[in-house]
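Presented below, as structure tokens, is a lone chain in the form predicted on its own.
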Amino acid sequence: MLIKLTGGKVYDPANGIDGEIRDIYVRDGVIVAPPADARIDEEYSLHGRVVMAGAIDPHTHIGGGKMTIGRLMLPEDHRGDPVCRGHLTRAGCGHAVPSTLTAGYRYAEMGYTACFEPAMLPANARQAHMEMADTPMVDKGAFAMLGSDDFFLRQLAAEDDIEAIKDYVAWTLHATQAIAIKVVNPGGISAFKFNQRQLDLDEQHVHYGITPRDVLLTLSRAVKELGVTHPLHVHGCNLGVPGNVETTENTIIGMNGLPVHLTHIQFHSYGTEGDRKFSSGAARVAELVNSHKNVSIDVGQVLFGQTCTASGDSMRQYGNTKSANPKKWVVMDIECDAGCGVVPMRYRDKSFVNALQWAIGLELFLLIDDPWRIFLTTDHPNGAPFTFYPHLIRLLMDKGFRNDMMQKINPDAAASSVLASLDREYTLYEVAIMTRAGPARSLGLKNRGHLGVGACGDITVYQDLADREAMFATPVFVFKNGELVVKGGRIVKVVQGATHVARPDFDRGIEKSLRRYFERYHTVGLDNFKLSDDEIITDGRGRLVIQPTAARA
């Protein structure tokens, strides 16, 4: 079947196209060159409309135990946001922690066609993939968490050869069906189990004698040398702690040029200036990111309202429990692996701290020069639900709107921020980089995030509205693999996306020591720990896409 999208204004940064009027042809789900004298089966007139590739969220918590805990803990979240069943879609609910079905529908209705779970505990990988498989409409992938797991920390403490550590990292990617590696509070989740209440970059773990710096340098080197495209995805030390900008600066400099992605960096950009001992470190962080080309980031923007924080960082989540709203929380240990903390949170525009967090995130967006190395996220649901993305885009594209919002926040926070002096307004081309081309390149998605020949037919069409929030909230059309799935912001066809994985080569002899370890310390056998392909592709649903890796010395 041949589809023609006619006369749209195309924004395709991966191919250098900035608002050009172009026709796009899609045959059997793939974008093709203009065919000669071919019969068009279906044509869509897009004159005056904006055309981009389907959007990609590189960091959104959509699968795994912490989301299940959040749903169980917050029945009020479900009651307050029900979604009725339609003739195509199924009923669901949830605002901060939506059901799997609701999450997939809402992402597609905003023009998103791929989403990546950034913190999958290996011990919980099976459940995470089950939840992602139950999330329709979008491609998925997950980042396996290492860095506080007992086996790896034992390797570091014993000063194992880097090749053995690379074998373990690669084995984890295979066993958990992951696309990348994530580290959360490196070593700190484990240290919390030994009653340490913080672990700074060069502070030794009381039991293993290693430091977070050791963890970061070792895992970043392993990921790079294994040829995994996405750099080590780092949730650094001291999240949310005033003064943590020092740790963030030391982390960036201390990576020694190794590739690294610093996630939800807003939560790691806090100073201690002023009477309240809480200030913005955004300018310092932005200057370092601008000068260190090995670093990419996503922001984790805070937006106002009710949400639910959910993280593997049990150490920091325990510290957040005093701010829980409503007053309930869960912090738990996970055997030999890591931990989990789920704490509801309401961000208030009249709160000095919350308002300054809001401003810090926007400062980072506006001060970091290269949109290819900064991705649009709220760290869903930690900073805000992903459904706030259109509002965030308007804040970035419309200085007048941004200034109007500043008049509504805590005045002391507004006075403490440089936000009002920043005139930058993002362009549609830059938005397309941040939400499409940049994440695709970082994740190694060669045929997604762009509209060139050979790309899959994931395409979003918008009305070119002056109100950018309204524009990005309700696309005119969304195509998934060449099929029309959303029209006028409503689902017209339910589809199942693919699962993206990375499978670097490794010496399978690592399983000998792993098997002994599992038999001694785990309550699950090694063979049951690993996920088979059949568990990803069940009942004919889903598809595996193996991203290429090339080992690099």
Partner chain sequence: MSEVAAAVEFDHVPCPFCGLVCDDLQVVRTGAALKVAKNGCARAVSGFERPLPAASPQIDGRDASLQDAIAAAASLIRKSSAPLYGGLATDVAGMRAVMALADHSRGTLDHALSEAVGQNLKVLQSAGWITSTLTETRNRADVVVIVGSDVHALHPRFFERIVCADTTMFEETDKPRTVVFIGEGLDQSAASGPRVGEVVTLPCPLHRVDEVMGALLARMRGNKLSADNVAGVPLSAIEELGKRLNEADYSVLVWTPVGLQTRDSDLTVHAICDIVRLLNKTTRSAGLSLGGDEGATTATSVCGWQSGFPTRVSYASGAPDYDPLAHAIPRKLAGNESDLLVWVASYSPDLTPPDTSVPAILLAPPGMRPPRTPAVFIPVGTPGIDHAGQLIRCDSVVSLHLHDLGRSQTPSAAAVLSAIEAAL
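Quantities reported herein were computed from a predicted structural model and do not represent experimental measurements. Positions refer to the first chain, counted from 1.
As for the form predicted together with the partner chain, it is not shown, yet the points below apply to it.
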Is it true that 156, 174 and 232, all three, sit within 4.5 Å of the partner chain in the predicted bound form, judged by heavy atoms? no
Could you tell me if residue 413 has a non-hydrogen atom within 4.5 Å of the partner chain in the predicted bound form? no
Within 4.5 Å, heavy atoms only: does residue 27 come near the partner chain in the predicted bound form? no
For residue 517, is any heavy atom within 4.5 Å of the partner chain in the predicted bound form, or not? yes
Considering only heavy atoms, tell me if residue 91 and the partner chain come within 4.5 Å of each other in the predicted bound form. yes
Identify, from the list 471, 330, 397, 288, the residue with a heavy atom within 4.5 Å of the partner chain in the predicted bound form. 330
Can you work out which of 250, 198, 127, 279 has a heavy atom no more than 4.5 Å from the partner chain in the predicted bound form? 127
Among the candidate stretches 455-463, 350-358, 79-87, 419-427, which one is within 4.5 Å of the partner chain in the predicted bound form when only heavy atoms are counted? 79-87
Note that the partner chain is not shown here; using its position in the predicted bound form, name the residues of 514-529 with a heavy atom within 4.5 Å of it, in sequence order. 517, 519, 520, 521, 522, 523, 524, 525, 527, 528
